[in-house]
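Shown next as structure tokens: one chain only, the form predicted on its own.
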Amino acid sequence: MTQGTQGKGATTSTLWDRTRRLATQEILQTALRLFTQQGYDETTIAQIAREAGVSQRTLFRYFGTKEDLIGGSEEQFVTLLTETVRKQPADAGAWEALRAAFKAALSLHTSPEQALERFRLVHHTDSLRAAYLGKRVRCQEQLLPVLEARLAPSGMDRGQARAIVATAFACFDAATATWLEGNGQGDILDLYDQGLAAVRG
């Protein structure tokens, strides 16, 4: 009886997770299509929900804000980056750990085409651009103690750790801008490596 109950519970959980993932993807795809066709500011949550076949209440259960439909929630983004840096091998340097974090963030996009559309929207929509910059600054501050702990054995202080984090994010933004100018040609991480190499000499 116990085993049967556990099996049923596991199946129910799996079905619920699959349903949630499918609903999330449908909402994201619908939102991205409408944002691209009409513009981010011109598209309403009500329209997205209607075309995705869900209620606004359901949409907000999956996505806390309209901005989350483009870049995901800030909490999830920060957690992904900080945990990725924290889980890197002890002998991995700060630059290597941060690169791994950016790679993890890019893996959230289901395809290069989707990434291209999302980055275009962020770079060409003032409200999204401002929101991204604010998120980036807050994320850097959350990453700071994690990176500071990694750098401690080398004798680097908080100010130096902050400079490394800021430089890495600046190079990532530069790589993204270059990638957009090239209409998605090449690899963002390769462009990031090139930019970082130029900065570090």
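Note that this is a predicted model, so its numbers are computed, not measured. When you see a residue number, it is the position in the sequence shown, counting from 1.
Just so you know, the form predicted together with a further copy of the same chain exists too; it's not on screen, but the next bit is about it.
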>> Only one of 38-46, 51-59, 23-31, 138-146 has heavy atoms within 4.5 Å of a further copy of the same chain in the model of the complex; I'd like to know which.
In response: 138-146
> With a further copy of the same chain left out of view, which of 77, 102, 119, 95 would have a heavy atom within 4.5 Å of it in the model of the complex?
Replying inline: 95
> For the spot marked by 87, 91 and 152, is every residue within 4.5 Å of a further copy of the same chain in the model of the complex through some heavy atom?
Replying inline: no
>> Check residue 113 for me: does it contact a further copy of the same chain in the model of the complex (non-hydrogen atoms, 4.5 angstroms)?
In response: no
>> Since only the chain is shown here, I'm wondering whether residue 66 would be in contact with a further copy of the same chain in the model of the complex (any heavy atom pair within 4.5 Å).
In response: no
> Is residue 70 close enough to a further copy of the same chain in the model of the complex to count, meaning some heavy atom within 4.5 Å?
Replying inline: no
> residue 83 near a further copy of the same chain in the model of the complex, any heavy atom under 4.5 Å?
Replying inline: no
>> At 4.5 Å, heavy atom to heavy atom, what parts of 150-187 sit next to a further copy of the same chain in the model of the complex? List them in sequence order, or say none.
In response: 156, 157, 158, 159, 160, 162, 163, 164, 166, 167, 170, 171, 174, 177, 178, 181
